[in-house]
Structure formats: structure tokens, C-alpha cells
Ligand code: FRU
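Take a look at this single chain in C-alpha cells; it is the form predicted alone.
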Amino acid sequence: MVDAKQKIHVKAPDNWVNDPNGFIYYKGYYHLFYQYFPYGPRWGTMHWGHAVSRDLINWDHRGVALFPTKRGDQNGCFSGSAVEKDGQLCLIYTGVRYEPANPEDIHISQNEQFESCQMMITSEDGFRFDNWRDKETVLPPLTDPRIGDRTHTRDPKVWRGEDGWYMILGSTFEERQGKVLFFRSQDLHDWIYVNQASKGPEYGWMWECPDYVETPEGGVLFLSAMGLPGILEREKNQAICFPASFDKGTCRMEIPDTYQFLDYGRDLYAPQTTLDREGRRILIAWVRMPEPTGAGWIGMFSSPRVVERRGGHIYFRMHPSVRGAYSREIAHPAKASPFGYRAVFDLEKGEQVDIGGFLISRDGNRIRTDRSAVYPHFEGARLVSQTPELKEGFHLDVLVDENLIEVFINDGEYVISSSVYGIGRQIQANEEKKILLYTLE
């Protein structure tokens, strides 16, 4: 079990975590809920764990917020989002009921037979939730396959528009191509289907964990595409994003053909965004890990990132609070706090920096990483990652944690984030290489 108090990266309090949920700034706190299986370091019947922070740096785990109590969510409180309405915190999430559960393991369905509905629970303060009395089903299982799939429709992201509330849901068409569904409501209780958008089977058979946001330079659509073609490694489900446009009146979305990966380490999945205290659009994502740590937990979350769109490119910048937290300069990684350090340097062509066994190098106009020395080897493991061709230089800002390395390139032009195991407390490079090191106060 990790310490209930954490810095920068939220890690599983014990056992298993995956998707971030209900990420919101509400009544002076950042609330980060997350998919949580409290009974073992594996996927199973989902609860919502809960962590809070005043500053996006110091985090406290607050235990279980949601757990199954109703017919609609009897086999799990799955992913969803949070909004504030009339001073209350409203969590809208997917409830799942198995048909039936596996008789040998009640925490999984049998032959993928289950139904999904969308549910809501409210809280007066964001900390206390009455799972027995305050839940309601706001969108029953879909019955019209022309709209969406009864089983694979999930992960509501809700936001307030000028003329009401909007919901985007992930779904599939005949389990052949992913799509998103749009609903509208005046009160969060009654929802009307309005429209849908898709691209084709070459973009995955199912789109889950959708999120649509507006930035000053245009909209951004985030998707976690299941079964994305062309992936050579074992993990075929990948988080991607598009510069998109959305008509609020008709809920018609225009999605271009070309996408970016959310992160070019490709360990990040199921991203969710919110607005921070200053109004910046920020994002946190689940960091997938192949096996539990020595402490017996598995799963953590990225540092918060600022999302910006410039033209057709989407940037993921280190949050200013994170950069500012690493304020104490150190001469060697051994002097870093238990929560890691930040390394800042530029790479010339052909240069390489070794951070505790994690290799970062420049290959032409790309940045390349290799975690072979600090990651489990198994069939289909992704050990080497690289960016597309870079246009803005080769400046790196690297966050180093014992279980995660995040390489921000050119202030978020691209990011490579990689889960790691057994990272060392040393850094090696050419003698003349200037590397600045900072740790937390």
C-alpha cells in the first residue's frame, strides 16, 4: 500500500486502479475520482476511489466514493464525469449489470453479456455520497441499435452549454466501428438523443472514454479507441485525439482523418479533462502498468497537463504548478526527494542521456526512448518509443518518478510517458552535456 498522501502523481492506494473519473475543481478542491478494484491487484467490479488536492501537487486519498448498490450498477460503477449544478457536485457514470456473472469469478461477465445504463449521484460537499438513496438512472440501456449499443455504450462526459447540458458517450456500431453519441438535457435528469459521429473501422471497433473540449483555437476530441489497426505491440487500445468542430445546435461533429496519439509512450489511456482554478484546460490520464509493483499495487495517473490547440496540432504542456513545484536545484539525482526530480536539457543529433537505465536519445529530427532495462519483458511489450518529426527544436523537460518517466518535448509539442520498474538514482551523459536537475522542496 502506498502512502495516502502523495505528490504530483496519484498512485493506487492499494490493489488496482484504472480510468480517471469525475475530474473537477469544486469548492476549493481538485477532485480526482478513479476506477478502483479494492480486493486485489487486478481488474474487477468497479468502485470509484477518491483523491483530492488544493494545488494539483499534494494529493490525499479519501477512500471509496461510489460502490454498487442498485440494479443498474450491481456489477460496477464504471467511468464517468462530474459537474457542478446549484452548488451540488453531480457524478454521472456508467452502471453495469451482468447477464450473468461468470460463476467462477463474479467480478467479470460471462461471454461479454451485460447491459449498460447511465446513472447519477449527487453530493452537497463533494466528500459524502449516499450510495443507498441518492442514485438514479438518467439514461436506461439503449434499445435502438441505430442509436447505440446496449452493451457497449459508456463513459458519459457531461458539460454545460449555453442552452442546456450536453453529454457525449462512447459506443460502437455492430462491434465493427467506434462512434460517439450526443444527448442534451435541461436538468441532468431527462436526456434526449440528438446526433452521433464516427469515422470507420480503421479507427477502432469501439470508442470509449470520449471527451470533447473547446480551446481558444478550436475544439479537441479525445477518444480511447479499442482495437486500433496498425498497432504492432500487444496493446491495441490507444488514446488518440483530433482537432474537431462541434455545432451546438445540431450536435454535428466534424472529425478529420488524421489523429495524434495522446502520448507517444502509449502507456496513457482514458484521459479526462477539466478547467483548473485559473481557467486552463487540463488533462490527467491513467498510466497502464503490466504488473503490480513490489508494494502490491498497480496503476497510477500522469501529472496534470495543460491542453492547447494551435492550428491543427494539439499540445500537452507541463502544468505551471508542477514545474514550479520542482524549485530546489540539486547536483545529482541521489539528492532528490522520494517523489522524484525534474531534468532539463537539450539534445544534439546523436546524443543520448541515460536516466537510471531509461535511455533518451535524438535520432535525426525525432526523440527516441528505450526502457528495456527498466521494464518487464513479455511478448508484445512496447520497449522503444519515438515522436513524429519535430518542428520546434529538441528541448526536453523530464519528470522522473520511480514508476513513471514523462518526457515533455518542446513544451508539449509531443510527450513520451513510460511506466518503469526499478529506475536507478543516477544520470549519465556526455561530460560536456549541461543537465539541470530540480527536486521538490
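This structure is a prediction, so every number in the text was calculated from the model and none was measured. The numbering used is simple: start at 1 and walk along the sequence shown.
The same protein has a further form, the form predicted in complex with beta-D-fructofuranose, not shown here; the description that follows concerns it.
When you look in the predicted complex, the only residue of Phe246, Phe129, Trp286, Tyr315 with a non-hydrogen atom within 4.5 Å of beta-D-fructofuranose is Trp286. Checked against beta-D-fructofuranose in the predicted complex, the candidates Lys135, His319, Arg154, Lys157 yield a single residue with a heavy atom inside 4.5 Å, and that residue is Arg154.
Here the marked residues Met46, Ser79 and Tyr269 all reach beta-D-fructofuranose in the predicted complex, each with a heavy atom within 4.5 angstroms.
With a 4.5 Å cutoff on heavy atoms, Ser417 does not count as touching beta-D-fructofuranose in the predicted complex; it lies far away. By the criterion of a heavy atom within 4.5 Å, Glu208 is counted among the residues contacting beta-D-fructofuranose in the predicted complex. Contact check for Asn15: every heavy atom lies farther than 4.5 Å from beta-D-fructofuranose in the predicted complex. Contact annotation: Thr387 falls outside 4.5 Å of beta-D-fructofuranose in the predicted complex, judged by heavy atom distances. Picking from 377-385, 60-68, 406-414, 38-46 the stretch near beta-D-fructofuranose in the predicted complex, with a 4.5 Å limit on heavy atoms, gives 38-46.
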